[in-house]
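Single chain ahead, by itself, as structure tokens, in the form predicted on its own.
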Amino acid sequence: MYKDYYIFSNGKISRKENTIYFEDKEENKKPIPIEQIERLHFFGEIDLNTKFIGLISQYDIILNFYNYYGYYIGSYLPRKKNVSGLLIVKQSEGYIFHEKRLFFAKCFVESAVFHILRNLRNYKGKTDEVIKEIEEEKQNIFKAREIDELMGIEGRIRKRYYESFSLFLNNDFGFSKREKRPPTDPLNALISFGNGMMYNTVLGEIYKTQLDPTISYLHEPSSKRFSLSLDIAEIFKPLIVDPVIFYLINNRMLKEDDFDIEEGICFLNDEGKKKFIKEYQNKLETTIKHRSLNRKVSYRTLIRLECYKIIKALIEDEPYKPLKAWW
């Protein structure tokens, strides 16, 4: 079974035949079976060599890198073998033709808001007023005629959503508003860390399909990011990341000493990261009965299925219906 491996220590990676080894600064050496790796995540300072890159490229293994504070900074993606010129043309048409782009963008926001409201309804009695306000703002999604206008609506909804966290969390760690660059309190640090994990999880699933991750609809394509991953992550952040945060805090599994603050930047320390990643992986592997496929699928598989739905809409002009959790 393939799985993600997370390396928090500083050290080096080496290859001997078809096995890779991680060796930390104390010269403790640990083999990592190549046949079991889905992705490798490096949180420490790691020395790599070209032999290692050559081997993991053969197995289509993605490397994700994080900075000192644990925030995602980039990936190594092996040469993509699953490509389609026709799909790139169709994806580009979807961006160029305004109505098509706006349709996809609205679908991503509509799905995200559906899952935001789904979360808030779990705390009815405490969040009734917020639900009402977001329900009203939601109506503007369907009236928006420009992407910027849609982004503004989505931003207002998320702002109100984040402000409501203090209504149902056992500890909001002094959170008052969303701050991204940089996070200055533990809850902002958790949200940023979780959203970064979601971004690279989605990127990994896009990579397994023929979609080009740089052509997007809600977020503007640019030369320095995989913006389609940002689009699709909008659907899954409130479905996967936020419930993990609520679970860890309301069950008092994350506390103040799981965070560090340096030079005004708040971030999860190694113990905090391990706690979050453990529950995040559990959530990704959680299965539900799929209504159409009539079999159990994991949350991670739902991300890939969303990619396939987008492909089908682009290639076959089949109306795209974004995920709305039915369970």
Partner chain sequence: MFVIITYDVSESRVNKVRKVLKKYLIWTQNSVFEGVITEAKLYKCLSEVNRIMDKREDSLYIYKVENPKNLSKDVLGICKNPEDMFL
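Residue numbers count along the first chain shown, from 1. Quantities reported herein were computed from a predicted structural model and do not represent experimental measurements.
A second form of this protein, the form predicted in complex with the partner chain, is not displayed here; the remarks below concern that form.
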| message | Just checking whether Glu318 would be counted as a contact of the partner chain in the model of the complex - the rule being heavy atoms within 4.5 angstroms. | response | no
Q) Does any heavy atom of Phe65 come within 4.5 Å of a heavy atom of the partner chain in the model of the complex? A) no
4.5 angstroms heavy atom contact with the partner chain in the model of the complex for Ser14:
no
Checklist line | Proximity of Ile34 to the partner chain in the model of the complex, heavy atoms at 4.5 Å | finding: yes
Only one of 26-34, 65-73, 297-305, 260-268 has residues with a heavy atom within 4.5 Å of the partner chain in the model of the complex, and that stretch is 26-34
Across 268-297, the residues having a non-hydrogen atom within 4.5 Å of the partner chain in the model of the complex turn out to be Lys274, Ile277, Lys278, Gln281
